[in-house]
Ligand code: ADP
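Shown below, as structure tokens, is a lone chain in the form predicted on its own; questions about how it binds or moves come after it.
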């Protein structure tokens, strides 16, 4: 990758696909290779508002319908973009983010039954800028992801494998709709998956360079 400008990269996928591990590794690699610290954030979270919203969304004590979930995710994302992502990019930092629009599309639209285009319109209008340069969707068979993840740890993971299968379909559909998204095989070792992620990033950077 050219060091000329910072990149905003999202790692996304079903629970247990390895996005936290891969995001952490990518942020560390970019920091070392490009000679400037990359910002690693998670969504929802990484701001005071985002962390409070995260607690609400994952709490087993609450019943939250899909429309309310989508709005809460959009609010947390807007705060993340304003308070962390935009300032980091302006300062020349690469940003690596766990989850973004693909998650809301997969979980609340395809998994939760909301109209897909309305969800995309909401996200793009209220949390659309700055937009990721690349969204890497780690594609992994749901039963394997569940084994990696272990027992369910929150109210969304409690919804079971059938829900996660719908979510996986949602991610694949999002990759078809968003030209800046790429599906990456998440099976195999951490090193192998990281190599695939890096290859995807390099390809996107090369495509941008060719476009001028």
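Everything numeric in this text was worked out from a predicted model, so none of it was measured. Residue numbers count along the first chain shown, from 1.
Keep in mind that the form predicted in complex with the named molecule is not shown, yet the notes after this line are about it.
Interface residue among 36, 165, 148, 52, judged by heavy atoms within 4.5 Å of the named molecule in the predicted complex: 148. Put simply, residue 201 is far from the named molecule in the predicted complex: not one heavy atom of it is within 4.5 Å. Residue contact with the named molecule in the predicted complex: residue 139 places no heavy atom within 4.5 Å of it. In the predicted complex, the named molecule lies farther than 4.5 Å from every heavy atom of residue 197. Among residues of the shown chain, residue 133 is not one whose heavy atoms approach the named molecule to within 4.5 Å in the predicted complex. The partner is not shown here, but in the predicted complex the stretch 8-39 reaches within 4.5 angstroms of the named molecule through a heavy atom at 14, 15, 16, 17, 18, 19, 20, 21.
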